[in-house]
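Next up, structure tokens for two forms of one chain, structure 1 and then structure 2.
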Structure 1
Amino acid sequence: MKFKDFIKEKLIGIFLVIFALATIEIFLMAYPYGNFIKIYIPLTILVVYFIGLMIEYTSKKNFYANLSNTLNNLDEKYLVTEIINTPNFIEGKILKSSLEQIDKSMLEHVNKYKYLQEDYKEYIELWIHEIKIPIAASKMVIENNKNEATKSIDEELNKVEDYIEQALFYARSNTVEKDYYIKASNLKDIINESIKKNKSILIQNKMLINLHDLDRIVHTDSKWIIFILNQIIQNSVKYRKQDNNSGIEIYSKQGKENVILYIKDNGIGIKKGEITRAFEKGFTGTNGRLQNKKSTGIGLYLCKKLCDKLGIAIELSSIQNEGTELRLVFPKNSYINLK
């Protein structure tokens, strides 16, 4: 709040005072008072009036400067009413109590949706536990009745499983609460697990697997990482070149403050202009529009979201027609950096 702006607002009042003083002056001129009186009366009124204005200005300025400062420094701006002092002028008091009421009703509103979302997430988790049982049963039936037809059904069931898992993690990625459990895990075990999980599509598509330098400990939730790796591996298979040299190389490097996991393929790569958008929700790009790719634009988006939650950085670089490299950067003490 600048002094100039304050005065501008008070302009009408000031003009009225000056007008009143002018009338008083004309009135005084009609009488034979001494010059002292003629100057003293209007001057006193003016000085007192301006002192009043100054007092009003300082108290308002203090309050509003404090308000906007606090607002700028706050991440969660709606908490501002909890921090600022109650002002000593009436408009300020009204403003503060209005803000408090608005905050309260907004919070109630937000809580309602938070609860609804939490409730929905719980239902999804429950549903996913339930649906896994008939899938497991179907897989057992297939195992006991192996033939070409059941083998084909089995492959489809694997896809169903992948979609279900994606739904589970999508639900988890949207909640504020911590669903993960951080413990020390060996990268090698995590990678082996995810390769095994995807073995049927990898073998079918004759993908070469090259794993090295993976014997390192990271602090994370391995189940989440396996899900993230699944998305990446499935992308590598989906966007491979149609030759017989397709493959994935996975290795890790020890940094000073982190462990970096590299997942590199020699697939069709991503167009230069589209790399930055690869993590956007629903972004399918040129590759996604190729035939039979069935790109949903969910996989990498979800990876990024889950990585953010786990405090892991995910980076992507790619050269068109040469391949794509994804890097997961695990901070050394990821439990400190958790959100």
Structure 2
Amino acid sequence: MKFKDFIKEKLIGIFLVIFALATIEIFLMAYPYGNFIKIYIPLTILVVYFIGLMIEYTSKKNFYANLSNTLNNLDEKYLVTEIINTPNFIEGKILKSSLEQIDKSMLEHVNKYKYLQEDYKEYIELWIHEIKIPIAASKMVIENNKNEATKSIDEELNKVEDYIEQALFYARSNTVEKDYYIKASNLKDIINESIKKNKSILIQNKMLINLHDLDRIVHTDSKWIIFILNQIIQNSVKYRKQDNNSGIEIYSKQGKENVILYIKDNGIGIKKGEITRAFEKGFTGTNGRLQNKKSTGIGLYLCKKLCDKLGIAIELSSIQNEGTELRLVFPKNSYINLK
């Protein structure tokens, strides 16, 4: 709050005081008072008035400066009314009271939508678990009636299961801290489990798998990492080259403060200008718009979101028509701060 701005706001009052003093001076001149009285009375009134202005300015300046500094330092700015003191001037009291009412109204709306979101999330999770039952029953029927037609149906059911799993993890992605278990895990076991889960599509698409240097310990939640790896592997299959040399290489390196897991493929790659947007929600890029790919733009976005929650860095590099490399960087320290 600048002093000149404060004075501009008080100009009308200042002009009225000056007018009143001039009127008093005119009346005093009509009486035989000495010059001392004629000067002392108006000057005293003027000095007292400006002292009052300075007290008011100092009080308001301190309040608004404290309000501004508190806002700048707060991450959750709606809490500002809980921190600042109630000012001693009426405009500040009205402002704080108004902000408190706004905060209260905002929190009521937030809690309402939070409840609706939780309710919807619970419904999605329940639906996902329920839908797994008819899928499992369908797979049993297929297992007992194997032919070319049921084989194709089984492949489509596998895709449905993948999308269902993606929906489940997406629904839980904002509350990872409620559904995680960090422990020492062997990368080799995690990778083998992911390869096993994707065995059908890897065999069907004749993908060559090269695994090496994976016998390393990382501290993480293996369930969430397997899901992330599934998304990456399925992307490698989806964006493979149409030849018999398509493959995925998975290996790790031990760093000083971390373990880096590499997942490399020799697929069609990503355009240079699109690499930085690969983790954006809904971004499909040129590859995702190809007729036979039908990408949703959710897979890598979800991988990045989950990695951030688990304290794992995820990096991507790619050369068009040569392949894509994804790196998961596991910190050495097992005490990970989950947000």
Partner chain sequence: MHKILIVEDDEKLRDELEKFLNNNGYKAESIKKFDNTIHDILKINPDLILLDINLPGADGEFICKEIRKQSNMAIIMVTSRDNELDELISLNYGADHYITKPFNIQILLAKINSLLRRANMSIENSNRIDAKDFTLDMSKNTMEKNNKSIELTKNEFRILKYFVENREKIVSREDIIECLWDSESFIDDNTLTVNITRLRNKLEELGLKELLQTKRGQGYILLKKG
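Between two forms, the rigid core is defined as the largest C-alpha subset superposing within 1.5 Å. Residue numbering: structure 1 sequence, from 1. In this text, all values refer to a predicted model and were calculated from it rather than measured experimentally.
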| query | finding |
| --- | --- |
| Of structures 1 and 2, the form predicted on its own | 2 |
| Threshold 2 Å Cα movement between structure 1 and structure 2 at Arg277, rigid core reference | no |
| Per-residue C-alpha change between structure 1 and structure 2, Lys38, threshold 2 Å, rigid core fit | yes |
| Core-aligned C-alpha movement of Ile55 between structure 1 and structure 2 reaching 2 Å | no |
| Cα displacement of Phe27 between structure 1 and structure 2, once the rigid core is superposed (Å) | 5.1 |
